[in-house]
Structure formats: C-alpha cells, structure tokens
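Consider the single chain below, provided in structure tokens and representing the form predicted alone.
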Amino acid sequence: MTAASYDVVVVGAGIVGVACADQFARRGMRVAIVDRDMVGAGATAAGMGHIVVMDDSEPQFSLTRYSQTLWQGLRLELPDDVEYEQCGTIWIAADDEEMAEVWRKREYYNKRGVPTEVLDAQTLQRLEPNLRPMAGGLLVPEDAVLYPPCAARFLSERAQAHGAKFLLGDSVAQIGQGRVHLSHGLQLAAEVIVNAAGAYAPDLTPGLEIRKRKGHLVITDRYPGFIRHQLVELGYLKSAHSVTSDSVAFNVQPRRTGQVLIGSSRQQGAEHREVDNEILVRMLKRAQEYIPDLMQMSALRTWTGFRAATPDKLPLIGPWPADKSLFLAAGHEGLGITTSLGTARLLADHITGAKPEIPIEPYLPSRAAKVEVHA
C-alpha cells in the first residue's frame, strides 16, 4: 500500500539526514524523512561534535572547510542548547618530528585561507596548563564544538517548519526504484530517495563499500576551565585514521558545562555496542600520557557508537549508478557532524541543477561502486 508521494524521501534521521531534509524542504520540495529511531540518535548522539577542518586529502579539506563556513554562517540562528563554541583546535606535537608536521600543516592551511598559529612549548603550556610539557602545537582558531543531538533537532525543526514530514519509529525494509518500503507494509513513492543511513546504509543499498568503525567516548564530571581548546595529538593522523587496525589517540574536548569529553578509539569489524574494556583502558591511558591529572577526574558515562567508513575516507554523495531514483549521503566516518551541512548543500545543488560552491565529483558514489547484479 502506497501512503503518499513526495519529491524526496530521506532515509536516516541522523544529522546528515536531517540536514538533507532541511535543505530540500527550504528549496520548496515535498520531503519526508524516515527512521526507526528518533532524530539525532545513532552515530549523531555518539559523536564528539567537533567542527574541524581536516587535510588528509584535498577533497577532505574542501568539504570540511566548506561545511565549517556553513556552520559559521548558521551560528547566530542556533539555539543555546546546541552549545556552539568556537574554542579552536590545538594539534599537539609531542616531539620535533611532529613539530615538522605542525609547520607543514600550517603552510597547507594558510595557502587555503585557514587562519592558524604555531605555538612553541611555552605558549602551549600557557594556553593549556594541564598538558604535560610538549614540543608545541598548531592552533586552528576557527574550529568549533557543538552538541550534536540538539544541532540535529534544530535542523529537523527547521525542515518541519518548511513542510518536511517526519515518519519515525518504523524500520525501512527496502528502498529503490522510486519506492521506500516500510516494515509494516506501507510504501512511500518519491522521485528522489536519499540513503543517509550511516553505518547501516549498505543494508539498504547492497554493494556499498562502507564498514562500521566502533568508537568509545567518556564524559567527566564538571571541571570548569580544565581545558580550553579541542586538543588532538598529531599522531591521530597516523593512528586513528588507520583503515586496517584498531587504534586509540589523544582527543579531548571542553564542554560548555565544564565537563571534558575524552576520545578516541577506532575498532575494525566490531559489531557489538558494549564497551570494550581493553580498548577503553588503552584510550584513557593515552589521554593520561598527555594530561596526567585526568587520572584524578570522575567519569560520569562511557558509551560507544559506529562510524560509517569508506576505504578512501571520503563520503559517498550523489547518485547511485544502479538506480536513477537513489542518491547517497553516507560514509562520513568521524566527520559527519562537520560535513553534514556541506553534504546536504552539495546533494541538493546536484539534484536541482544549481551551481555548487565546491565540486561534487570527488565524492560521487560511482568512484567506488560495486553494484550487485541479480540474474
């Protein structure tokens, strides 16, 4: 039974999905978004909320920087509970080798218009006195943090104000050929279907090269002023972005509440949501190597989530080659919060024929499609 017809049906109400729904609805399209869970659950609720520019590749830089500027443009509209804070990121260099990476990173960013400041050991210690002595670091002052579930709620409410319909609490059984089949037998018809189901996108679109990468986070009690910036080790670029092995890296974030959010870990092939004590201990020990006084702090909660990872660490944005009605907005790994707005804008521009501000080609699913063919 087909209940209704729409211009666009978005599958997945995480922050990428609701950003897409918001973008399409504000362009006057009839939009529905479906999810078995509430808005902003899943990876969105499990994420750190770091709005960060990254430079693993030129396409990654382009999308993260583009998206960051979109967040900056939106910040005055965000309600207080989104907790948008432009605290900046400091990439921590532990030794001279990593200081060489600081200078490389600075040159790369500055050539592309991203403000940075190289910090020597003394300046770093003054800015972050709870860090153990380090060689220095790179401050990227336009990076920010926010609280992802409330950011997703804001985008969903704005989409609804422009007519988007949210169908929550029912699983999607199948998508494609202009139809979204819900588990209780209802069908939605649409000219455009957007698979924004994150780590579960391959369940709905067989052939996607997206794998789950499990991560752990810890939130502490309130210690106002304990850290002032998002702090990330430069080793993060080598360890936490490995696509072949489990890893941990120092990555901590100040919250407006005075709490400290501690990450990060990556596990390959882990399917269970339970906390892995071995990985958790490794992650906390790594954090304590940088901030020894973390050992004295009280932890309030520990949780896990699944990131949607692609082999080349770039998301899949655009049409799926096997089905002209199907489009993807998935595979963002640990950058879904940052790149949600850019992803939505790129996809909406592509579908409506508007001129994009950055090229969509590096993110097209056709670059890595392995389409299943049934006899």
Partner chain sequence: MSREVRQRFDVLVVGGGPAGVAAAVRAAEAGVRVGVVDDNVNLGGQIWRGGPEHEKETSAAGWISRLRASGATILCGLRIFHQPEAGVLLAEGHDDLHVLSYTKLVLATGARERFLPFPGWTLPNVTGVGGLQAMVKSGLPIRGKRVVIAGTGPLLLAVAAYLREHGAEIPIICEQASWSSLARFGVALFGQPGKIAQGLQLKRQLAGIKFSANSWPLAVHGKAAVEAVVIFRRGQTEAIACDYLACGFHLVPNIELPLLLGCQIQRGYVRVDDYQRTTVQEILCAGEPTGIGGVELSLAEGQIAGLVASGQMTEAKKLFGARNRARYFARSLDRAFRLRSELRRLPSPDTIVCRCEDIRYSRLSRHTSWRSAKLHTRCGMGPCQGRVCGTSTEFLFKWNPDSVRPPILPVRVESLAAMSSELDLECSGVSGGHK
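Positions refer to the first chain, counted from 1. All of these numbers come straight from a predicted model, not from anything done at the bench.
Omitted from view is the form predicted in complex with its partner chain, to which the following refers.
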| item | value |
| --- | --- |
| Contact at Ala3, Gly207 and Trp320 by its partner chain in the model of the complex, all three, heavy atom at most 4.5 Å | no |
| Contact of Arg65 with its partner chain in the model of the complex (heavy atom, 4.5 Å) | no |
| Proximity of Ala189 to its partner chain in the model of the complex, heavy atoms at 4.5 Å | no |
| 4.5 angstroms heavy atom contact with its partner chain in the model of the complex for Arg301 | yes |
| Its partner chain contact at Pro149 in the model of the complex, heavy atom, 4.5 Å | yes |
| Contact residue in the model of the complex, from Glu101, Glu128, Asp246, Glu142 (heavy atom within 4.5 Å of its partner chain) | Asp246 |
| Residue (of Ile175, Leu294, Ala164, Met134) lying close to its partner chain in the model of the complex, criterion heavy atoms within 4.5 Å | Leu294 |
| Proximity to its partner chain in the model of the complex (heavy atom, within 4.5 Å), stretch among 109-117, 75-83, 175-183, 199-207 | 75-83 |
| Its partner chain in the model of the complex - contacting residues of 253-272, heavy atom within 4.5 Å | Thr257, Gln259, Ile262, Ser264, Arg266 |
